[in-house]
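Single chain ahead, written as structure tokens, the form predicted on its own.
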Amino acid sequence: MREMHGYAGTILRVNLSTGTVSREPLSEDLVSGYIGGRGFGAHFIYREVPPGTDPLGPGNKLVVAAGPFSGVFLPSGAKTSFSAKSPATGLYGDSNIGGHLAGELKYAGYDAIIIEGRAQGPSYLFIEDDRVEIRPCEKLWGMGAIKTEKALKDELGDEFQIATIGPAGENMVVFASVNHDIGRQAGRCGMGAVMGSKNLKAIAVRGTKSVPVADMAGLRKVADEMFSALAANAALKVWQDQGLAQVTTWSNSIGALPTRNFRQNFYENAEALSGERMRSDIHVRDKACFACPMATGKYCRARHRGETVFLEGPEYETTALIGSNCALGSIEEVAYANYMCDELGLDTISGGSAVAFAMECFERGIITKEDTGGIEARFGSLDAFVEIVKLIAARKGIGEPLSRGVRAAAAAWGGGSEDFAIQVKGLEWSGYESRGAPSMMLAYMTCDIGAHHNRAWSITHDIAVGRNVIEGKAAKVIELQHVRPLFDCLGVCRLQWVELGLPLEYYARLYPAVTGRQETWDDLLVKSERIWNLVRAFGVRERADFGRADDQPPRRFYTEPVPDGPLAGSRITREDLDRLLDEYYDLRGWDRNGRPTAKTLERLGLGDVAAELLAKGRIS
């Protein structure tokens, strides 16, 4: 078999139930069909996790995968994907993380780890090149995610790259995160809960090997051009100064900043949460992922009630969902709340949404102080936020229904709260309120893992072509849904392209230089489309009723006009939502119930998937 340039060449399989470790050669079919990262995750989860598997049972699998660009010296080759059947949605889920884990995994000799079964007791996975061990760690169980990473680094050495979970993951909160590098999170879809269900507290990796590259001179040439272009970009300085925290002011100015559980999209106190205030009030130093010149990570300090904590963040999504969405009063309050979520091991997007939902339910009288255990759960209260997230992580009191996500909490509490449980497919909506942005609304509705922005951040397209325009927006969403997730397959951060305008042509040139595969960017986009349809097929196979009904936004967005701010009066109509979906499904080659047709799956090289779904009567 030819050498797999850009890859370590091995899949590591770890069965926690039996304690066995095995290695499989990376296959040509896997690389040519699914590239890496989330592509590998989608392939293994579809092929190896049977329909009906309990996401929190030993039959679920966790795939930790790098891509061909991960760990290669090019701008921000830092991404690791975590994939599993999601406990938040019951569908396929994945989340990715920056930092330094992806490169270390490849340097240890592995492109992916497939973690199966369930350990008998609290354990962590130790990987040092060819040495792989499942080690007991009772002393770490119950410890916070950040403290766990420090404890393992103290024991193993700073050169180990470590991913951990906190108490929320141990208790299988469905939006528990995987934490790494003292502030990076794979937060979406409950990958931390999957680790917790397997009694897996952490993964520690150290590698000393190298990654073969097909054309080192060609790689250096393209990478040098990219680094030079980034250094010359006038916008780089503000990203280095403020990171993603700068987005808060912009989002508020265009009427997209989630406020008070998405009731509003403009926060009157947004200036206190701005990137400028982060830099002036709480910033300690800058921090970067592997080979990243943007250094968007901000190491900060926060104080609350006599306690001083240090954290990475808050970035925009955290500021939006914890800050304005819960109406906190200062960037320092947001930072402290961010730290609490990180240490507990909670996704700050879903965590902020869950608390905001509880606050609205409290203010409406749907839940009372009797339900909250005496917590005055009102918007603007940091103390209330802290106490509620502690209950969520412990799955106690009101934290128990909230620990299952806002969809489940609304079903438990009733009182009309289903209308303002802000989620799609069971995953809470991230940081862009979209009643005045139809393409962004569609992107959230059709995102393969639930309401997340990273698959198709199209709000700038809405602004460019007209915020009330419907026609043509489905095509833009589909285009972005193929380009943006491709970065997660390659194992590289997309921020240099999205925020600094680095042309995609660079990445097209990098691919053959790294891998030796003479494929065009369009060839790679077809593979991205294949992965998108495979994930959709997972839902169709999983549930007989899966389809259009799963692509619906919260009722709030089409029944309640925006009350104030620059987009006061805006809302999207039910008719426009249906037009968007019809156009989207038609362009995708799906039926009007949102299911891929056999013809579409066969065109994308998924003939066996088509045959399986045809046999089940799920597609035509």
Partner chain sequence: MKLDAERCTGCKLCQLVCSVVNFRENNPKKAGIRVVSRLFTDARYDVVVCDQCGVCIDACPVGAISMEDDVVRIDPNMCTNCGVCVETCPNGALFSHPDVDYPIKCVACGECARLCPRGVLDTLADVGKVAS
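Positions refer to the first chain, counted from 1. This one's a predicted model, so the numbers in the text were calculated from it and none came from an experiment.
The form predicted in complex with the partner chain is left out here; the points below concern that form.
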Since exactly one of C493, M445, I146, A202 fits, which has a heavy atom within 4.5 Å of the partner chain in the predicted complex? I146
With the partner chain left out of view, which of W141, F379, W457, F227 would have a heavy atom within 4.5 Å of it in the predicted complex? F227
Partner contact check in the predicted complex: of 313-321, 331-339, 277-285, 430-438, the stretch with a heavy atom within 4.5 Å of the partner chain is 277-285
Look up in the predicted complex whether H100 has a non-hydrogen atom within 4.5 angstroms of the partner chain, and give yes or no. yes
Is there a heavy atom of D158 lying 4.5 Å or less from a heavy atom of the partner chain in the predicted complex? yes
Does at least one non-hydrogen atom of L219 fall within 4.5 angstroms of the partner chain in the predicted complex? yes
Is Y299 close enough to touch the partner chain in the predicted complex, meaning at least one heavy atom pair within 4.5 Å? yes
Looking at the partner chain in the predicted complex, do all three of G207, V213 and C292 come within 4.5 Å of it through at least one heavy atom? yes
Let me know which residues along 94-108 have a heavy atom within 4.5 Å of the partner chain in the predicted complex, or say none if there are none. H100, E104, Y107
